[in-house]
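One chain is shown next in structure tokens, namely the form predicted on its own.
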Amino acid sequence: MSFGRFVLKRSLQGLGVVWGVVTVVFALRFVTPGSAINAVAPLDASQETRQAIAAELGLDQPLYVQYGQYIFDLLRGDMGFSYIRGQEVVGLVFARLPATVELALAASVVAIALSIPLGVLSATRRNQPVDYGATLFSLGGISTPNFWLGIMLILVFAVEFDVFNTSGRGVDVGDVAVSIVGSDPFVGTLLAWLAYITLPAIALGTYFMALITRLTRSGMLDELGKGYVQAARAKGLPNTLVRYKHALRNTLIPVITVLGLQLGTLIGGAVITEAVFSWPGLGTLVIDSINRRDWPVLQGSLIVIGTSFVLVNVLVDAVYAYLDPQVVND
């Protein structure tokens, strides 16, 4: 199978998963107690008024008709209208998406920057104090709930030492990029951005960091024991070159897969972290929509999160197949 056919196959499978996500999200409204009419109709609305609202929303149609219309609207880029907020759902959701992606990418950068060097150091100094410390650190990172860690970070670094901000986004990454070529001072804008993004990025990326550290350590230990590493050392190559150019390169192939999967998880799993830090992303929008029973916004948010997860997985499969051509033939 060629690389192009492999990517096409994965893309078609991804479309099937997206269709499943859309179907499940559509069905949630009908299996959840309550009615969407209650969110629109006044408390003292008459039966005639409720029926008129149901007709306007299309809720008086058979279920299969509503489902078909919903799919058709999504294909046209129409996610519905929020009567509670008085806005189109597409505008609401995609206005919040950049903040969630920014937080997920920042958490990934924090995790990768610390986990891979720590995993390599732990593997190359096996059964030494550095290895024990890295193992305990990764175990603590996996075991610590991110909402609790977020609260502790706020109490220590925002309340006690007043180093970082406690909530909000403040400056988005676009402002930082504009300041590079614009008239705004770059350093000041960058520091303002870091003051808001650092704590939520650490809270969200700690579990990710611990997971990649353990995966890198186990992969490096496996690669360092293989014959090609022994042959490279026998040729007199420096240990640094053997570790980082040969062993680490082969170790990163499965790590890349986990990185992609976890990036999709971070996008969908940032709900709690966003709630703790009042980060204006999809997570806080989802929670607010649940509390207000704003079903169109909730459905649109879940569909975007699910689609983002699928897109990341398809991209990771493509990168994995490019790095390891044997995957295409499996």
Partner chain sequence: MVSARVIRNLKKEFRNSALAKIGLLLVVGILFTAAFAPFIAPHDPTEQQLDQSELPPLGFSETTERTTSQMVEGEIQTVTETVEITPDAAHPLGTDSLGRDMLSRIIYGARTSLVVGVLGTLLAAFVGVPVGLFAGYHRGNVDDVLMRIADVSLAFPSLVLAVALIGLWGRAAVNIPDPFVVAGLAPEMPESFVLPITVVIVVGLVNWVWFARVARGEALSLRSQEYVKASRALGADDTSIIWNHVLPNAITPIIVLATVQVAAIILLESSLSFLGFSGTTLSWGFDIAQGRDYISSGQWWIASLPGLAIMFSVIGINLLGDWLRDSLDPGIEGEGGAA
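It should be emphasised that the depicted structure is a prediction, and the values quoted were computed from it without experimental measurement. In this text, the rigid core denotes the largest set of C-alpha atoms whose superposition between the two forms falls within 1.5 Å. Numbering follows the first chain given and starts at 1.
What comes next is about the form predicted together with its partner chain, which is not displayed.
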{"item": "Location of its partner chain contact in the predicted bound form, chosen stretch of 228-236, 72-80, 112-120, 135-143 [non-hydrogen atom, 4.5 Å]", "value": "135-143"}
{"item": "Its partner chain contact at residue 243 in the predicted bound form, heavy atom, 4.5 Å", "value": "no"}
{"item": "Contact test in the predicted bound form: residue 47 vs its partner chain, heavy atoms, 4.5 Å", "value": "no"}
{"item": "Residue 21, heavy atom within 4.5 angstroms of its partner chain in the predicted bound form", "value": "yes"}
{"item": "Residue contact check: residue 264 to its partner chain in the predicted bound form, 4.5 Å heavy atom", "value": "yes"}
{"item": "In the predicted bound form, the one of 159, 195, 90, 253 near its partner chain [non-hydrogen atom within 4.5 angstroms]", "value": "159"}
{"item": "One residue of 191, 95, 151, 130 in contact with its partner chain, assessed in the predicted bound form (non-hydrogen atom, 4.5 angstroms)", "value": "151"}
{"item": "Residues of stretch 198-221 in contact with its partner chain in the predicted bound form (4.5 Å, non-hydrogen atom)", "value": "207, 214"}
{"item": "Per-residue C-alpha change between this form and the one not shown, residue 125, threshold 2 Å, rigid core fit", "value": "no"}
